[in-house]
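Below sits a lone chain in structure tokens, taken as the form predicted on its own.
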């Protein structure tokens, strides 16, 4: 691997799919797999491998076995990151994997006999994206711009940074998803010769979250005027509504109440597939065998799905109106409506958005890829490749401290442009008080009990004075990543305390370092095990294709040639089975050679198949 300048990549860490893009002289580009697909399903399957510990499978392979490996496979983990058990109670019955409370009000997912935090599980996806970029660029990748929903709070942003650190990535910048989309949209405007000032609304409906941002784009300046949204509203919620509908049919009436993860996984997969089909069809049939619950057979119409989902779309449009009010604009002031996120492919969403804003949405950009492209554009700026671009983002929620009586003293209001700084003076209410507890809050309510506590720290050593005499200066500073730093100083004595706010809910720095150290210790064995998994999957694919070709065209081979292929196929499958059962017993290089030899040995069979296909096409 050659030494090259430090490349910064752009990552869209999504609920359903994640993508990675890289900057380049011709503009940013997303990185694709061998099939030309840029998407990496945000799905992780874990398994205990003898002698090699716990191994992870990420992406399409994990997604393909989501029902078969229910209970060992996680999806939609982005909806758990930085959340507490109270935050996710409503959707726990729909998850095919167990979730429990952990230390400091965190969440933990129980898989293969141990507990994983959402940060650790997200790190598996980030590591897969990093590996894709490393292979494409030919050198190791260590830095990234990562996007998050605009309405992610400080806890969720910090948790995302921790996940990146566990994946071996330094976060060069965190930017909001709709802002990243606007960057790509703005470049598209200039490319199309429409570089005049624009006011645009970015409607971002992804797999698990919804954001809306109002932006002013003028030349190379991208200014966010307002943002609103919901970190628990997305395509998953549409799926859950359809799951309820499917579960109410016939023998599956109590399926969602059952603890069987296979039932939940099968229902979720069927619901998502039906939703996708209904984007093109007026109706679709669902037929699904549920373990212990008989056969589910049902016909679902697009009208029925839209009736279920309309209230959710109503909620997104209410957020749009709130953002417009905050920006002091109306729909008539907008030049464009930009759709982002895979869920915007639903005809219902496009129709309702067009009706609400009175104009046809802009859909020239691929809604799956636009956020990653925008992240790569910001990466180009940070690496010095595009110095003219100026991004002015905002903080989504108000920030303050708890004051006497449980009220909230707000220092930074929502939709304030970041980076930003705010300072306010406070005092004591008790004679002789020598310490002050600073509780950092986030939210729009006026009482501390109704807001979210991000962190707390103490300012100690204040000389005892009568109440009201000490002057405590509290400073809030939000950096370009949206990360909050808070400091407090008693002006008369000079006593001070300052910390970067570490969430009360989440991993500690020591825990992050411990997990990283464990990963470093097992890096070699993990890499070998990962390679074996990939090779075994390729064995399954190649031998299955060979079986199909033998069934169709095996009679055109001489008996000895067919017997040789079947013998080599059996030997290859046996070697892959040994690798799965005991990875230490199989040399990955030997398995790779056997796989290559098998490919060479089936070339004639493949040629026969191609000739037959051409003949059929000619007829």
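Numbering follows the first chain given and starts at 1. What you see is a predicted model, and the numbers here were worked out from it, not measured in a lab.
The discussion below concerns the form predicted in complex with a small molecule, not included here.
Using a 4.5 angstroms threshold between heavy atoms, residue 346 counts as touching the small molecule in the predicted bound form. Interface residue remark: residue 602 is not counted as part of the site for the small molecule in the predicted bound form, having no heavy atom within 4.5 Å. In the predicted bound form, at least one heavy atom of residue 17 sits within 4.5 Å of a heavy atom of the small molecule. Proximity of residue 272 to the small molecule in the predicted bound form falls within the 4.5 Å heavy atom cutoff. Partner contact region in the predicted bound form: 234-242, out of 416-424, 234-242, 167-175, 537-545, criterion any non-hydrogen atom within 4.5 Å of the small molecule. Of the candidates 331, 101, 279, 134, 279 is the one whose heavy atoms come within 4.5 Å of the small molecule in the predicted bound form; the others do not.
When you look in the predicted bound form, the only residue of 207, 443, 482, 470 with a non-hydrogen atom within 4.5 Å of the small molecule is 207.
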